[in-house]
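Just the one chain here, laid out as structure tokens, in the form predicted alone.
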Amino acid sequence: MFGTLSYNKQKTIIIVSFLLIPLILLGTFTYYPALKLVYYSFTNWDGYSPEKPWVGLDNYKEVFSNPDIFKVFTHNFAYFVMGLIQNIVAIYFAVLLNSKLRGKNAFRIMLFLPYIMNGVAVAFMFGYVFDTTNGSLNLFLNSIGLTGLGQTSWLGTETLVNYSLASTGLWRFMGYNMVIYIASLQAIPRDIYEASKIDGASSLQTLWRITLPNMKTVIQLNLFLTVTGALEVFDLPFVLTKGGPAGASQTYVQRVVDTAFAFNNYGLASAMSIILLFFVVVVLLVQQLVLSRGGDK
């Protein structure tokens, strides 16, 4: 069969054959559901009825006019703050473990291990850590004499619960960010560091003038993942607090899930999902605008 075809046609057939299955899977499980999501956002579908009444923009009006829906975005702020701290700590360890430090590979593995753990398992583990009565955190605080803090309900106090949950994410994902930053550091030519040393640059000047500028693209990527991750948090508050106390730890994604599966309002939940996607795109554009300033001209 292929013997009668020209080389270019054979090449085209092979390329199309290799791409066909991935494209079918991508269209079936990504683009088709996304289009259906957009369609459902304009309906009042309850999730099981064959009828899907068309309501136009009513779902979007409900989202923007209901303050209780947008209020949950304030709960995600703690994850954003902890995400920034997470990146700073990751850069610190990346620079430290990229140097000539004895046993650095062992430290890299230790810091990366939390990332490969199951998210639900991590949540249950930190449930014991934050336990008010027998939690390891309060027991440690009491043992060093901080008895006032040692009685704190970390998951039961409205002003602390989101930061407690976000700190769990910092512990879990910091190693992942660190590995990415180490890879970025290893891509920087050593000649630049040798030249800066000859010119008498201090370690701080080298970090600020050479290391960080050369890591700019990777930092930009990690910051984008941090912001989108902060907007899309679900597993930790769902497992540990169920959105409590009094809804203080409910995130936007939790609100979407509850709207769909607890209240059977798939139309409104779809509209909320589209709005979340819109916010992610806006964040990406703003980040690109801010970080591109001062770049290559």
Partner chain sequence: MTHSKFRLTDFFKYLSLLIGVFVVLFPPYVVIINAFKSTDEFNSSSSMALPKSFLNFDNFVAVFQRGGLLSGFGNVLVIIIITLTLNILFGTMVAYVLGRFSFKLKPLVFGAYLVATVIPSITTQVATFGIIKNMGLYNTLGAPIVLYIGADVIQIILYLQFIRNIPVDLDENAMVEGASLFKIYRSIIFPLLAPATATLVILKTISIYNDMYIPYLYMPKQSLGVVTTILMRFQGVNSGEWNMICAAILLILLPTVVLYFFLQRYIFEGVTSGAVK
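We call the rigid core whatever largest set of C-alpha positions still superposes within 1.5 Å between the two forms. Because the structure is a prediction, the values reported are computed rather than measured. Residue numbers count along the first chain shown, from 1.
Beyond what is shown, the protein has a form predicted together with its partner chain; the following relates to that form.
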_Under a 4.5 angstroms heavy atom criterion, identify the one residue in 88, 146, 212, 96 near its partner chain in the predicted complex._
96
*asked:* So, a 4.5 angstroms cut-off on heavy atom distances: do all three of 19, 40 and 234 pass it with respect to its partner chain in the predicted complex?
replied: yes
*One stretch from 158-166, 129-137, 204-212, 79-87 that, in the predicted complex, holds residues within 4.5 Å of its partner chain by heavy atom*: 129-137
_Can you work out whether residue 61 and its partner chain are in contact in the predicted complex, taking contact to mean some heavy atom pair no more than 4.5 Å apart?_
no
*Can any non-hydrogen atom of residue 270 be found within 4.5 angstroms of its partner chain in the predicted complex?*
yes
*asked:* Although the partner isn't part of this model, could you tell me whether residue 180 comes within 4.5 Å of its partner chain in the predicted complex, counting any heavy atom of the residue?
replied: yes
*residue 102 near its partner chain in the predicted complex, any heavy atom under 4.5 Å?*
yes
*Out of 77-114, which residues reach within 4.5 Å of its partner chain in the predicted complex, heavy atoms considered?*
92, 93, 96, 97, 99, 101, 102, 107, 108, 109, 110, 111, 112, 113, 114
*Indicate whether residue 18 shows a C-alpha shift of 2 Å or more between this form and the one not shown, with the rigid core used for the fit.*
yes
